[in-house]
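Read the single chain below, which is given as C-alpha cells and is the form predicted on its own.
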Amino acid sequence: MVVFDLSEWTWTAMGPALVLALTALALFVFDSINPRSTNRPVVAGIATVGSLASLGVAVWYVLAGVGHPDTGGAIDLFGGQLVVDQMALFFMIVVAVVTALVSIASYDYMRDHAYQAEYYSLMLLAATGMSVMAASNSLVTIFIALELASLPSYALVAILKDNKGSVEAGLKYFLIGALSSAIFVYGISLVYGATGHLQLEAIAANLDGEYNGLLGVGVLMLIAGFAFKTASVPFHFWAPEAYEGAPAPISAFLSSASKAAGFVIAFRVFTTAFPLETMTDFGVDWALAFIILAIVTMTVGNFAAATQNNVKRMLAYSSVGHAGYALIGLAALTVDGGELVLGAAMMHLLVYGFMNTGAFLFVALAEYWGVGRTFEDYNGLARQAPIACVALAIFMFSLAGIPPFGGFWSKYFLFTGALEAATVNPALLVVAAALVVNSALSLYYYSRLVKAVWIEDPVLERETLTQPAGLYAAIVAAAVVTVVILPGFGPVAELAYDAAAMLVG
C-alpha cells in the first residue's frame, strides 16, 4: 500500500464528491454560455469524464490507504461533521461507477430530448449529494446531503415534460419524499432532544436511559426515513411508480446509486450513534426491527415482481427485494460484532450497482428501439441484438444469484454471515432461510425475461434494430464487470471487511 498523506490538505479527502460538484458547475457554465444547447457529445462527455475522474480519485485514495487504520485512520472534516474512511470511499466508488454508466448510456437515450445540460447537471448534483451522504457523520450533514441528492432526483424523474407518466411519477415521488423528509427531520429532533447532540459519536457518548422512550420513537422515525430512501417495505410504494415513469437511465441511477447511498448512512448511523449493546439495555432493539424489515422487504418485493407483466415494474419490485437482502447487513449485527455480514452487504451493493444498472439500461435500449413495455414485447429480441441479450442474461442470472456471476457470491457471503450470526441470535436463521427462498423465487421472473428474448417468437415483425454506441458500451461494460468481478472479489472483500470492521469496532 502506497501511503498518500492528506494531513495538510484534509479538505481534499472529499475529492470524489468535489469532482462531481465541479463537473455539475462546468455543465451549468456551458449551458449559460450556450443556452438550450443540444450538443450531446459535449454535455455527455463532460458528465462522463467528471464521473470517471471521481471514480479514479476514489480508487486512488483506496489504493493509497486514505482513511485506512494503518495510515492514521479516518479523516475528520469540519469538526467531525464529515468523515472520510474506507466505508465512505467504498460507496463513493459505487456512486461514481453508476453515474458514469448512466452518463454514457444517456448520450443515445436523450438524443431527441430538450434540457440536455440540465439533465446531466442535475444527475451530477444528485451524485454529489450521494457521495457526501457516504461521508456524513452528523444527522445534520446527513439530512443536507440527503436533500441534495433528493431534490435533483425529483426533477430527473419528471424531466420528460411531454410524457404524462414521467410528470406524474415525479409529482408522486416528490410528495412522498417530502413526507419522508418530514418524518426523518422529526426523528432527528427527538434524538437531539434525548441526547443534546447531532454528531454520531457524541450521540453514542450521551445516550441516557432516562429518555429511552423519546429516543426509541426518534430511532423508529429515522428507520422510516432510511426505509424510504432504500425503497424498503412499507415505504417502497414510490419506487415502481417513479422507476416506471422516469427515463430508464434515471431508473437505473436511482435504483442503484441512490439505494447504495441510503444504505451507507443507515450503516453509519446505527453502528456509530446507536451501539446495539447500549440500545438493547434501554429496551430499544433496532436489530430486531431490521430483521423484520429485511424479511418483509425481500418477500414482498420478490412476490410483487413475480406478478408483474411490465418489465420495468418487475425490475422496480426486484430492487425492493434486493433492498431486503442488503438489510441483512444491519439485521445480523450482534453485540459481539458483525463486520463479516456488514461487509457482505457492502459487497452486494457494489455488485448490484453493475448488474441492476445494466438491467435497467437494457430497458433503456428497448425504449430507444421503440419496443413495448411487456414481456411479450421483448420476445425474440436476441435474433436481432444477440450481444445485448447475452448481457441481459448475465444481469438476470446474477441478480437471481446463479453461479459463477458476482450476484451469487455476494448473496453467498450474506447467507454465511447470517448463519454465523445465528449462533448468537437464532432469529437470523429465519433471515437466512428467507434469503434462499426469495432467491429461488426470483429465478422465476428473471428467467422469464431471458426466455422471452431468447426462446419466444416475436409477436410482430420488427425492422432492423440500430446499435447505439453509448447504450451498448454501458451495457457491455456492466456485463463484463458482473462476470470478471469474480477473480477480483478478494480485494473487494478485503476492502469491504476492513471498512465494516472500522465501523463496527
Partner chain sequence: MVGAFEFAPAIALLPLAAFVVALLFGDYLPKKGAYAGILATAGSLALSLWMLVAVFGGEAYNEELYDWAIGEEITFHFGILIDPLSALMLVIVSLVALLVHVFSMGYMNDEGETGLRRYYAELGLFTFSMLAFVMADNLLMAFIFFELVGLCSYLLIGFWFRTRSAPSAAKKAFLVTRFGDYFFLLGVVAIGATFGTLSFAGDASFVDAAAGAIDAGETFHGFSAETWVTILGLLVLGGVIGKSAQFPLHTWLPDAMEGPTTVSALIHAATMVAAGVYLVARMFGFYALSPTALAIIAFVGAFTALFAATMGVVKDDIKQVLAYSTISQYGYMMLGLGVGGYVAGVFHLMNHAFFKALLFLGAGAVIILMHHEQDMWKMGGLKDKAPVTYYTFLAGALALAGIIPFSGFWSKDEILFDAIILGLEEPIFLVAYAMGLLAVFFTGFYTFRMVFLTFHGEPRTDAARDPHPLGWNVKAPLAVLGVLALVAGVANLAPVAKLTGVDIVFLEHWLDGEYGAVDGLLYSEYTATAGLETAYIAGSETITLIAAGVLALGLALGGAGLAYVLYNVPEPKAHTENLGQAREVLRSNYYQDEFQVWLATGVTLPLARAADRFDGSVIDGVVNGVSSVSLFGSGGMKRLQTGVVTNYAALIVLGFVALLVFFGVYGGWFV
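Positions refer to the first chain, counted from 1. On a predicted model such as this, the values are computed, not experimentally measured, just so you know.
What comes next is about the form predicted together with its partner chain, which is not displayed.
Practice item. Report whether the minimum heavy atom distance between Pro403 and its partner chain in the predicted bound form is within 4.5 Å. Key: Close contact is absent here: in the predicted bound form, Pro403 is far from its partner chain, nothing within 4.5 Å, heavy atoms only.
Practice item. With heavy atoms only and a cut-off of 4.5 Å, decide whether Thr334 touches its partner chain in the predicted bound form. Key: The answer is no: Thr334 has no heavy atom within 4.5 Å of its partner chain.
Review point. Heavy atoms within 4.5 Å of its partner chain in the predicted bound form: does Phe408 have any?
Key: Contact with its partner chain, no.
Review point. Does at least one non-hydrogen atom of Glu241 fall within 4.5 angstroms of its partner chain in the predicted bound form?
Key: Flag for Glu241 set to yes.
Exercise for review: Could you work out which of Ile292, Leu429, Val185, Leu151 is the residue within 4.5 angstroms of its partner chain in the predicted bound form, going by heavy atoms?
Suggested key: Exactly one residue meets the criterion: Ile292.
**Study point:** Option touching its partner chain, based on a heavy atom within 4.5 Å in the predicted bound form, out of Ile144, Val424, Leu179, Leu419
**Key:** Flagged contact: Leu179.
Check your understanding: Of the listed stretches (87-95, 213-221, 261-269, 371-379), which one has a non-hydrogen atom within 4.5 Å of its partner chain in the predicted bound form?
Key -> Stretch with heavy atoms near the partner: 213-221.
Exercise for review: Identify whether its partner chain in the predicted bound form is within 4.5 Å of every residue in the set Leu288, Val300 and Tyr317, based on non-hydrogen atoms.
Suggested key: Yes: Leu288, Val300 and Tyr317 each sit within 4.5 Å of its partner chain in the predicted bound form.
Point to revise | Partner contacts in the predicted bound form for 320-334 (non-hydrogen atom within 4.5 angstroms of its partner chain) | key: The stretch 320-334, when checked against its partner chain in the predicted bound form, contributes no residue at the 4.5 Å heavy-atom cut-off.
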